[in-house]
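Only one chain is included here, represented as structure tokens and corresponding to the form predicted on its own.
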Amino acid sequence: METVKPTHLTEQTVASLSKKKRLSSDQLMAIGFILPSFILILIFVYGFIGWTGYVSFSNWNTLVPDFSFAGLKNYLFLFQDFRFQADLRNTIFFTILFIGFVIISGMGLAILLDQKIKAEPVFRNLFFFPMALSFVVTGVVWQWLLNPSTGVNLFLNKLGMNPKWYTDTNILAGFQWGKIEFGIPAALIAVVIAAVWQMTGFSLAMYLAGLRGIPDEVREAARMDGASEFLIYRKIILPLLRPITVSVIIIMAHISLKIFDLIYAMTGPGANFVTDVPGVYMFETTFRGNYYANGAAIAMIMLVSVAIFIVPYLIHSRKAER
């Protein structure tokens, strides 16, 4: 006897399917809370990024808007400009020195605090305190401290030293590159000191959390196998802290590539642009010079430079979670 296959869905099946498609009250409430933020981010973040990109390809370099298409003219002008070449040089060396010293100082202090020393909370709070300050406050304070006529130089002068700090125009280990001398600007070292002083607490917190997350059994097993403390840190602890190091590098690179307030408050562009960065150049070009298309081009270059660090990290993190 042949069985007759149903050619249509039963009422119960249709009801169950429609119930699955219908959103629950919790889901509707979640969408209601998220939707306003999503719309605001879409307009005021991605919308403005799109608008900035549009302006960067225009001829709007006066008070009167001119949105006629300029192609890559503004970008070509920047890469041939002495000041922007100096900004790229300063950004490269500031980023390298800033990230390197933040990692070294943060990791070193974290290892010391992990030794269960007395008054650890006091030292931890002392190192965390600079993070509570803004870069503007840090810039003003370190401008006073490193003033060649006052500050620490009052003590260094007695030792026969008189560093110029952020007023120094020398380029260390420099060679000619384009229109500029490519090397480490001596004045930039003062800015690196101030930035490292403020952000070492963040690196310390990250590494200390990572060290406290490593089980003591791992170290005890290595000691029982005859490993010295140096080998334990080199072969076991530091490799386990590699994800922390990557996170610190990404976050510090994001800060250094778009830094503005610390430089602006502490030194400004500096003589011969030895402490200038793209953020300061963009501000002065756009809001003082009224070269809106050039300022927008600088902003887009800054966005791309930050994205080069952030996007691969986000993609790798998503893959690791899956």
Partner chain sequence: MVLQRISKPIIYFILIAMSLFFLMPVYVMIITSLKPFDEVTLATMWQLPTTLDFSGYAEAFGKLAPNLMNSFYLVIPATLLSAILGAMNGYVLAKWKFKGADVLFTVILFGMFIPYQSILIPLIQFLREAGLYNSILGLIFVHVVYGLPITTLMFRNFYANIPDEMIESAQIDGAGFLGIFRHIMIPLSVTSFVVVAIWQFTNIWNEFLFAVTITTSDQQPVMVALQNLSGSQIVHWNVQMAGALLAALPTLLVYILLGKYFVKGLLAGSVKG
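Definition used throughout: the rigid core is the maximal C-alpha set that superposes within 1.5 Å between two forms. It should be emphasised that the depicted structure is a prediction, and the values quoted were computed from it without experimental measurement. Residue numbers count along the first chain shown, from 1.
The same protein has a further form, the form predicted in complex with its partner chain, not shown here; the description that follows concerns it.
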### Message
Please identify, from 148-156, 234-242, 169-177, 76-84, the stretch that has a heavy atom within 4.5 Å of its partner chain in the predicted bound form.
### Response
148-156
## Note on the structure
in the predicted bound form, the residue from Ile249, Ala227, Ile184, Val137 with a non-hydrogen atom within 4.5 Å of its partner chain is Val137
### Message
Within 4.5 Å, heavy atoms only, which of Ile103, Leu97, Leu88, Leu109 is in contact with its partner chain in the predicted bound form?
### Response
Leu109
### Message
in the predicted bound form, does Trp60 come within 4.5 Å of its partner chain, counting heavy atoms only?
### Response
yes
### Query
Can any non-hydrogen atom of Met29 be found within 4.5 angstroms of its partner chain in the predicted bound form?
yes
### Query
Hey, in the predicted bound form, does Gly270 get a heavy atom within 4.5 angstroms of its partner chain?
no
### Task
Classify Met206 as contacting or not contacting its partner chain in the predicted bound form by the rule of any non-hydrogen atom within 4.5 angstroms, answering yes or no.
yes
#### Entry: Neighbours of its partner chain in the predicted bound form among 38-54 [non-hydrogen atom within 4.5 angstroms]
Phe38, Leu40, Ile41, Phe44, Val45, Tyr46, Phe48, Ile49, Trp51, Thr52
### Message
My question is whether Lys158 is one of the residues whose C-alpha shifts by 2 Å or more between the shown form and the other one, given a fit on the rigid core.
### Response
yes
### Message
Rigid core aligned, does the Cα position of Ile49 differ by 2 Å or more between the shown form and the other one?
### Response
no
### Message
Given a core-based superposition, decide whether the C-alpha of Ala271 shifts by 2 Å or more between the shown form and the other one.
### Response
no
